[in-house]
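Just one chain follows, in the form predicted alone, and it is written as structure tokens.
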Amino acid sequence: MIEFDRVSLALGSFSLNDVSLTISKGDYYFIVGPSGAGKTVLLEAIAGLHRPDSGRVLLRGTEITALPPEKRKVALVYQDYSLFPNMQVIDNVSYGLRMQGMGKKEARAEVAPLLERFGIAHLADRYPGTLSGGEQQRVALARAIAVKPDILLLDEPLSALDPVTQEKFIDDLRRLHREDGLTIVQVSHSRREAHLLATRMAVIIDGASWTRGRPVSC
């Protein structure tokens, strides 16, 4: 479904060099590596936020190297959630639908089942600054799912959560993958997370050297 064909990308003093990988439809694919290894840059390249200096990015066998982000049907959830502080929860979740041209009332009605699904319906009128880390993470995930992406990209979604909330969120992610059939790509420095969730994984080292991951059990 997603293929990197010898992709190189330089951002200041940092670079990805000659990266090749294949992520199949329905994978829960983990990219594991230390901080600063280039994991987030890779996610952003999949999302279309960075254009490679060389090499190709393919989606479903079609080259999308130059395709803008809004045409890729990809949703990216950052580690810091990136919620809009001046918007209520329901408007944060429905933001993507509004950007697609849907009216405010219709968009709010469309995402109401998602708020119920992620256990945040009671927070609909709250603002992000009044929420816990776990609540903000659920809002960010619901906002990503609201636009019905084919691919969900997660940037260390568990790193800022306490251990109890982490376990609950792992269950949420496992259920989301199983019930929605999404292709999920998650970056992490935790091999434990990978062994709990991944169907396949790879390791990035120093932004350049890749080890192609073998299948692992969920």
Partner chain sequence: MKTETLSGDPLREDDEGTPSWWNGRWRRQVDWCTVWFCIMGGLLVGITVLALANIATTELADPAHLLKVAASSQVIESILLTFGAGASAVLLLILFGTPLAYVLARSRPSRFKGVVESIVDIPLILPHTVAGLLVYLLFMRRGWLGAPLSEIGLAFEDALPGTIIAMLFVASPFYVNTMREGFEKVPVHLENVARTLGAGTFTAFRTVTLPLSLRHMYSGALLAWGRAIGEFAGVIMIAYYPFIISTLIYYSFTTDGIHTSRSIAFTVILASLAVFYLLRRMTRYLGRYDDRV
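Positions refer to the first chain, counted from 1. Remember, predicted model here, so these are calculated numbers, not experimental data.
The next section is about a form of this same protein that is not shown, the form predicted together with the partner chain.
With the partner left out here, the partner chain still marks one of 66-74, 30-38, 173-181, 188-196 in the model of the complex; by a 4.5 Å heavy atom cut-off that stretch is 66-74. Residue M87 is the only one of M87, A124, M102, A109 with a heavy atom lying within 4.5 Å of the partner chain in the model of the complex. For a residue to qualify, one of its non-hydrogen atoms must sit within 4.5 Å of the partner chain in the model of the complex; all three of L49, Y95 and G129 qualify. A residue is said to contact a partner when one of its heavy atoms sits within 4.5 Å of a partner heavy atom; L83 meets this definition for the partner chain in the model of the complex. Proximity of R138 to the partner chain in the model of the complex: non-hydrogen atoms within 4.5 Å are absent; the residue sits far from the partner.
A residue is said to contact a partner when one of its heavy atoms sits within 4.5 Å of a partner heavy atom; I205 fails this definition for the partner chain in the model of the complex, lying far away. By the criterion of a heavy atom within 4.5 Å, E44 is counted among the residues contacting the partner chain in the model of the complex.
Interface residues of 147-173, taken as those with a heavy atom within 4.5 Å of the partner chain in the model of the complex (partner not displayed), are limited to V147.
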